[in-house]
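Only one chain comes next, encoded as structure tokens, the form predicted on its own.
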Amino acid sequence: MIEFVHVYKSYDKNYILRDLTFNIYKGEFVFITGPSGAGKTTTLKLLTAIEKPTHGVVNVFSIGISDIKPKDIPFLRRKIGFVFQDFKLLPNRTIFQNISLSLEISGISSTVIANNVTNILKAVELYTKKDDYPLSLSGGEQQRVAIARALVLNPPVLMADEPTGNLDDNTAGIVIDILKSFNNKGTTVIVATHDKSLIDLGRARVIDITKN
């Protein structure tokens, strides 16, 4: 599903990634780890064609990122849900509206939107908050909304960049449990983190990009 082969990435001759090689298979739960500045976020950007490798091969769904055409990038990204550390929720839209936005952009009918958003909110145990606004929620609740938004289109892959960086240990555990519940249903989950305690909670395969 995902393949990195001798990947290098540099900015102004400063190499962020050097000779990175790994595979991620369908249905896996994987942590990508390394200290701050090791290139975890850059790795995720390569997976979504935000960046392209300086050298080496990156394949996602059998698509070569180096050769992908601009017109094909939106189709690639629709297959990948992305969860950010800082949530990136729209403060002037309700929880329901935040989650439904990507469905609206995709031209999905209002009936299907209502059904899909309702189901995903129930899955993350936030249906009773559907009419609330993001700033009225706790950090953990906002992150669960962000996860719901990333998964409402039912992408085969979910990526999360330091998804618990602003959360306490107990809330971080709840977030990991939610990610694992979707992984158990078949979603491939990739979490970038430098937090060893989070990795211990997840008990999944670890790719340490500083050792590649």
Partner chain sequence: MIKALLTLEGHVSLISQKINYLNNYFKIAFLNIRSNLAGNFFAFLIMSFSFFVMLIFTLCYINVYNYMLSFEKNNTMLIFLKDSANYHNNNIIVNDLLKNIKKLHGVKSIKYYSYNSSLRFLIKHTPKISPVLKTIDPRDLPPVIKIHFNPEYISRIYLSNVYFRVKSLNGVQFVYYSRLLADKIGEFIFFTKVIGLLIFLFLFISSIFISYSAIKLIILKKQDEIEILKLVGATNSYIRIPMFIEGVIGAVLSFITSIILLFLLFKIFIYYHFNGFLSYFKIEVVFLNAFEIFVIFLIAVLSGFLGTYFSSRKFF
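Just so we're clear, the structure is a prediction, and the values are computed from it rather than from any experiment. Residue numbers count along the first chain shown, from 1.
Although not depicted, the form predicted in complex with the partner chain is the subject of the following passage.
Interface membership of N116, defined by any non-hydrogen atom within 4.5 Å of the partner chain in the predicted bound form, is ruled out. In the predicted bound form, the partner chain lies within 4.5 Å of some heavy atom of I63. Taking the partner from the other structure, the partner chain in the predicted bound form has no heavy atom within 4.5 Å of any heavy atom of K185. Although the partner is absent here, V83 lies well away from the partner chain in the predicted bound form, with no heavy atom inside 4.5 Å.
Residues of 1-36 include none with a non-hydrogen atom no more than 4.5 angstroms from the partner chain in the predicted bound form.
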